[in-house]
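In structure tokens, the next block holds one chain alone, the form predicted on its own.
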């Protein structure tokens, strides 16, 4: 068996792929040969990512999707299958975060994190299984976080939503293993994306320091000595989406340079 990752002919969906980690994941899948549909609530960013993928010689298109709406998610997956012929890889990745002391976290912000981070993944899984179960094959790679493995103070709501994603991963993996569908999730570490800028802004508002100093304190806690990149995350997803990971299911792959000593 070849040890090279070759996703030629595979069809993937990545949500939240207009920028940040989602874009990194989509580009890595495309570089490995996959055709990738780009789902994002920001369709202009999604179109930019799709153009980069097409420049690699792959098929791609952007589709505006609000992952908190089940009907939109199902319609998006149906459209991808109509246009690209099938669905082999589903990567629910869209996410958000509100940071700060728990007694300052509003119910509205709590609900927003659960709707995007958890319900969005739930809807994507359901919509993907509509096609993966009949074809008896598929890869689902969700995006959790290192904060979904080790609870992080000042990120209680975010951690709760990401712990839920890891539980969803493990439960669904067992349900669909007999259908030759592998379900895993990744746990990214620290990457200066829009979400991290939002986290830092929230911490500054809570009076916990200045943004650059706070970010440096997080970086200083990474044993490898550097922050992660979207490509680091994309490479991990590409591996889990490949045949090399055919016996890996129900697991969380942490990509964080050793931070927090995640068990």
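Positions refer to the first chain, counted from 1. In this text, all values refer to a predicted model and were calculated from it rather than measured experimentally.
Below, we turn to the form predicted in complex with a small molecule, even though it does not appear here.
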Residue 194 near the small molecule in the model of the complex, any heavy atom under 4.5 Å? yes
Counting only non-hydrogen atoms and a 4.5 angstroms cut-off, does residue 168 reach the small molecule in the model of the complex? no
How about residue 217 - does it come within 4.5 Å of the small molecule in the model of the complex, if we only consider non-hydrogen atoms? no
Would you classify residue 65 as touching the small molecule in the model of the complex, given a 4.5 Å non-hydrogen atom cut-off? yes
Which listed residue (190, 150, 105, 173) meets the criterion of a heavy atom within 4.5 Å of the small molecule in the model of the complex? 190
Tell me, which of 208, 211, 54, 41 has a heavy atom within 4.5 angstroms of the small molecule in the model of the complex? 41
Given that the partner is absent here, state which listed stretch (142-150, 128-136, 173-181, 77-85) has heavy atoms within 4.5 Å of the small molecule in the model of the complex. 142-150
